[in-house]
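Just the one chain here, the form predicted alone, laid out as structure tokens.
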Amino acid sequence: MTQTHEALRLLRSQSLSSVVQDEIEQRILSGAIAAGARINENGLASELGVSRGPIREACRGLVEMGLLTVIVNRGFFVREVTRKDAIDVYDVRSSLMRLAGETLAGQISDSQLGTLEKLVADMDLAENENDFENFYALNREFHDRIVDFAENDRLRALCEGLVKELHLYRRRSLLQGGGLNVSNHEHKEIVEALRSHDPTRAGAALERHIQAGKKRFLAAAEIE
């Protein structure tokens, strides 16, 4: 096999593994594969029409991301998050989002405010229709847009690493402490704080929102 052929073979393999990894990741984050569940490598390979090689490569990537753990001779399992894990992640996340708010407040455009307002309005509709899945997706996008608009690449990278881990337990927290209505009321406060162009107010609103999410998670954990 020539070096060119070998390079192409590796590229195809890596590309396939990336696609498979994205699919497994989305199933984990959506809750389709539950915390503690074992990854059925044979079943996924059959369903996705690939060999077990890309499945295993994808799982190794998800171990590095913190979404899976591996047990020798048993396989890959969706990570189960401890109470301390959750508290630590929420606390770091709240500090990062405070920085995002402080950074964005001084530079946010009318167009960006409009984007955030539309997401909040769509979350109101999702709440009224009891559409939790849509609300959850919009909620994720709301926070992602704030980080994107802050235009700090290092901040974005740190948030992306934390946010995927956070999704392992963030879903259940949304239904506690007043549920979707309270969460979206906090989103409206964030938008108004950003509209004021006051970095201190915007940063505090975002930090307060994440800390409130932590309290809702802890309340949900007590019920389970």
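Don't overthink the numbering: it's just position in the shown sequence, from 1. No experiment lies behind these values; they were computed from the predicted model shown. For clarity, a rigid core is taken as the largest C-alpha set superposing within 1.5 Å between two forms.
Form predicted together with the DNA: not shown, discussed below.
In the model of the complex, the DNA sits beyond 4.5 Å of every heavy atom of Pro199. The shortest heavy atom separation between Asn40 and the DNA in the model of the complex is within 4.5 Å.
At a distance threshold of 4.5 angstroms between non-hydrogen atoms, Ser46 is out of contact with the DNA in the model of the complex. The closest heavy atom approach of Glu160 to the DNA in the model of the complex falls outside 4.5 Å. Residue Arg52 is the only one of Arg52, His185, Arg195, Arg156 with a heavy atom lying within 4.5 Å of the DNA in the model of the complex. Per the 4.5 Å heavy atom criterion, the DNA in the model of the complex is contacted by stretch 74 to 82, the sole one of 74 to 82, 95 to 103, 134 to 142, 113 to 121.
With a cut-off of 2 Å and the rigid core superposed, Val50 has a Cα displacement that reaches or exceeds the cut-off between the shown form and the other one. In a rigid-core overlay of the protein, Phe149 has its C-alpha displaced by under 2 Å between the shown form and the other one.
Relative to what is shown, Arg60 and Arg154 are closer in the model of the complex; their C-alpha atoms differ in spacing by at least 3 Å.
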